[in-house]
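In the block that follows, a single chain appears as structure tokens, in the form predicted on its own.
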Amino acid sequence: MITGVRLESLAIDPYPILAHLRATEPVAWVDDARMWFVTRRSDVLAILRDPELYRTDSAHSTIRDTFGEQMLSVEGDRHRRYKSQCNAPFNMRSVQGHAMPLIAARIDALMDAFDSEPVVDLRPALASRLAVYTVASVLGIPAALHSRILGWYADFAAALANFGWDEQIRARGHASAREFQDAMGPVLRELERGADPSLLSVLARTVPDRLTDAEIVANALIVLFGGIETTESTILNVLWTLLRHPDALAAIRADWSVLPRAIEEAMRWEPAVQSCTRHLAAPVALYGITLDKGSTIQCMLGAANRDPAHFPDPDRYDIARANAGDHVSFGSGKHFCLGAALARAEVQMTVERVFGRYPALRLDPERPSAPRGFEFRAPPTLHVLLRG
């Protein structure tokens, strides 16, 4: 079965296309991506929660091709070993005790820097810088290297979405990964002697089951990328969503206790990451279609989040939605996003402090924007009038 879905159309507005697939072809071959798309929430959950049949460890994984073997491209004992050793700085206790003070101070400093401007693009001025600073601080990457991170990140983002396996895009991704690896060698040697709570410091210390330097760097790479991509885009999508829904924003201002659910609903309605990729370990039949061993499947998170079988009136942004938190925007199963608690903290603190400081904040009508992207999705720009 061949569909006429084009990735460029998904990048503009995926939801009508995904709704059509969900209703008519819940498992559909998309030639433009060379993958099978799965669009119903129940199927997405079943796949993500079955790592024995639907695996991440494949030579066809763009994540593995770019970053090497790390927690998102291995299964079983290696996955448990990698993720357990990387978990400590990302649990709720560490986020609240260590990361949140850093996040609050950084948001305030960034707003101080653009406070006198009548119009500001919140992507480079706030969301991007906050995401880089936060994940780099949690990792323990020295400030002297922060300016290089966005350059690496751009090459990584292109490489991970390179489903056509363009060799130039792959080469740039590989080159940036090597640069990161070279830069981290001296950092690890320095951190071995330290006792700070950063991830690289924890991993670099000598312990009975210490990861090798190559394993540390590979896992740091995926944490770095995820910490920037997921957080920056989620901040932008949530801000854009609230600014596009003034009634919802007014309700939040009247009762800030509804903010967490409003954020969960925004993440359901416009997820930053649109899909999770899996590879079949054995043939399987879905809806009468036989998928061969080695087939690549895209679990379409944006489609699952708007499945009417679970979310009534799914295309409506509704801050009173009781099950908004049932979204799969951070994935599901053993590969659930390691940094979900940190991302949520950054998003909530950003919304609170930005809208608290600028009560008349609104989108700039002269520079309209909207989320874009078929794999990673966010507004390319987010120009706002700070004082109405």
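Residue indices: 1-based, along the sequence shown. Just so we're clear, the structure is a prediction, and the values are computed from it rather than from any experiment.
Below, we refer to the form predicted in complex with protoporphyrin IX containing FE, which is not included among the displayed structures.
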Task: Site check Arg129, Arg353 and Arg357: each within 4.5 Å of protoporphyrin IX containing FE in the predicted bound form by heavy atom - done: no
Task: Interface membership of Arg268, protoporphyrin IX containing FE in the predicted bound form, 4.5 Å heavy atom rule - done: no
Open item on the list: Can you tell me if Asn305 lies within 4.5 angstroms of protoporphyrin IX containing FE in the predicted bound form, counting non-hydrogen atoms only?
Closed with: no
Task: 4.5 Å heavy atom contact, Phe336 and protoporphyrin IX containing FE in the predicted bound form - done: yes
TODO: Flag Gly331 as yes or no: does it have a non-hydrogen atom within 4.5 angstroms of any non-hydrogen atom of protoporphyrin IX containing FE in the predicted bound form?
DONE: yes
Open item on the list: Only one of 249-257, 216-224, 99-107, 187-195 has heavy atoms within 4.5 Å of protoporphyrin IX containing FE in the predicted bound form; I'd like to know which.
Closed with: 216-224
Open item on the list: Just to confirm, with a 4.5 Å cut-off on non-hydrogen atoms, which of Ala262, Leu200, Leu236, Val135 contacts protoporphyrin IX containing FE in the predicted bound form?
Closed with: Val135
Open item on the list: To verify the annotation, which of these, His279, His245, Arg172, His79, has a non-hydrogen atom within 4.5 Å of protoporphyrin IX containing FE in the predicted bound form?
Closed with: His79
- [ ] Can you tell me which bits of 339-366 touch protoporphyrin IX containing FE in the predicted bound form, meaning any heavy atom within 4.5 Å?
- [x] Gly339, Leu342, Ala343
